[in-house]
Structure formats: C-alpha cells, structure tokens
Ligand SMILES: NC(=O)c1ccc[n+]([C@@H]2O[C@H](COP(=O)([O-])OP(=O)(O)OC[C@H]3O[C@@H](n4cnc5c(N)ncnc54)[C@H](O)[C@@H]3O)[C@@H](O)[C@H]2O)c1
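Next up: just one chain, as structure tokens, the form predicted on its own.
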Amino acid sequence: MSTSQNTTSPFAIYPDLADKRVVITGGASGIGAAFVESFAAQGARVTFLDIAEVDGMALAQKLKSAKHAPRFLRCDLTDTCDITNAFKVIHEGAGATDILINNAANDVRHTLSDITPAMWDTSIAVNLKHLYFCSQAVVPAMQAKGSGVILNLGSISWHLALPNLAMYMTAKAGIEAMSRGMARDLGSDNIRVNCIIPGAIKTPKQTLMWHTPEQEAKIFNGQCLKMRVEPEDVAAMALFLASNSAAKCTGREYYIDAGYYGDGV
C-alpha cells in the first residue's frame, strides 16, 4: 500500500484498485457518495445505483473528470426485477464486477405499534433483501474469474440497542449473519465478503433529521474518541477492505465508530 496521495483524494492510494469494476448501491448521497468519490479517485470504474435520480446525476456530473467517469443508473433496489435489469446493463457495458458495495438503506425511526406488514416488507427490501440479490447477480462472474470482493454495510444501531429502530436493527443484524454465511460459502472461489459497521456518521440526512447539538454531545459522551465520524472515514475503510492489502480479510465485521459504546441517542 502506498502512503502517497493523489490530487483529488485524502486517501492512501491502492494501485490494485485502478481500473477495477466497482458497483455501489445507494451511491447518490451520504456514505454512498463518499464511496463513489473515493473509488473514482483511485481510478476505478464505478457504477452506482440509487432511486434518487437528481442527486445521482449531479454526482456523476461532479466527477466527470475522473480517470473513469462514474456511471449512474437509476434503480429501485426494493424491486428484484429492477436489480436484475440494472446488473444486466452493467455487465453488458462494463463486464464482470470486481467489487460490490451493498450500501443502500433507510433508517426511518418508528415505534413497534407504527409498523404494518407492508411497511415491514418495504423496510426489509431496502435494508436487507437487496444485499442478497445484488450479491447473487455478481457472484457467478466472480466465481468464473476466481476472485471478487463484496462489502456489506451494517450498523452500530443494534449493537447499542438504539430506540425506535427495531425493524431497521433487525435487518442490520441480519446483514452481519448473511456476510459471514456468504464468506464461508464463497471463500473457496477466492471471493471475500466483509461487513463494515459505521457508527454515528455525520451525513446531511442525519444532520437534518436528528443530530442536534445536544444529541451530538451525547454521542461524543458515548464515544472513546470525541470527534464526529464522517462518510469519508467509512470510505477509507472500504478502500482498504476492497484492496489487495486486505487479501486475507473475510467473514468479519469492521467498525468505524470512534469507539462508540453509547447508551442511545
């Protein structure tokens, strides 16, 4: 791993990521956008999927001068037919996926009594189900070439038993089990599967929704390091785990949370 930096990214440069074909779900904003920017800065060939068409097109325009301009595809990740069609387009245009980052999620607050069967199905679709079927879409080509990386985004929330998130935390806990199962099943094909667990990340969405100064102070009180974790910090972890520097890392959870042992926010 080189410790030098390029002119557009604060990250270490991983030469083996250049020209790799990377697919990122939920890439139009927040942590996903940081993934898109960081992998594009490494010279990777990035395609990102999101339902947020305006944000997705704006990000693609912003990064059009990258070595390989990232490609945005609108995709409703709650619809398995849409997922199938999106990956058909990706593989016809760019070839087999080398790295899949399953990032998309929606952490809407809720109480137990709020939830209807339809809301449950939608939440599981956006927070868990699509990770499985996006992985299913890329694995055959990874198996054929004998390598690949899948990174699934978990959450600190269920480890802390945060309030008003039971449905979301159910999905996020399932992601860790799914990642371990996939790592076991795909290891003989040299496909690595890991789970990244972000802490309280300062994204624009979270700032608008619930990160008031008082809540930020409570988060700091629960963290070992008294600083906000940014989307770029999560992206730095993803770059390492996707690179050959992490060639022996699979089936594990990697926290990027400033040592968050808080009691809820």
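Quick note: we count residues from 1 along the sequence shown, nothing fancier. Quick caveat, the model's predicted, so the values are computed rather than measured.
Below: the form predicted in complex with the named molecule, not depicted.
For the candidate set M182, A105, A171, I191, a heavy atom within 4.5 Å of the named molecule in the predicted complex is found for exactly one residue, namely A105. Contact with the named molecule in the predicted complex, judged by any heavy atom within 4.5 Å, is made by just one of L153, I90, I99, L165: L153.
Just one listed stretch, out of 45-53, 58-66, 235-243, 220-228, contacts the named molecule in the predicted complex at the 4.5 Å heavy atom level, and that stretch is 45-53. Residue contact with the named molecule in the predicted complex: T78 places a heavy atom within 4.5 Å of it.
Heavy atoms of V126 reach within 4.5 Å of the named molecule in the predicted complex, making it an interface residue. The closest heavy atom approach of V36 to the named molecule in the predicted complex falls outside 4.5 Å. Taking non-hydrogen atoms only, P70 never approaches the named molecule to within 4.5 angstroms in the predicted complex. Residues G26, A28, S29, G30, I31, G32 are the members of 17-39 with a non-hydrogen atom no more than 4.5 angstroms from the named molecule in the predicted complex.
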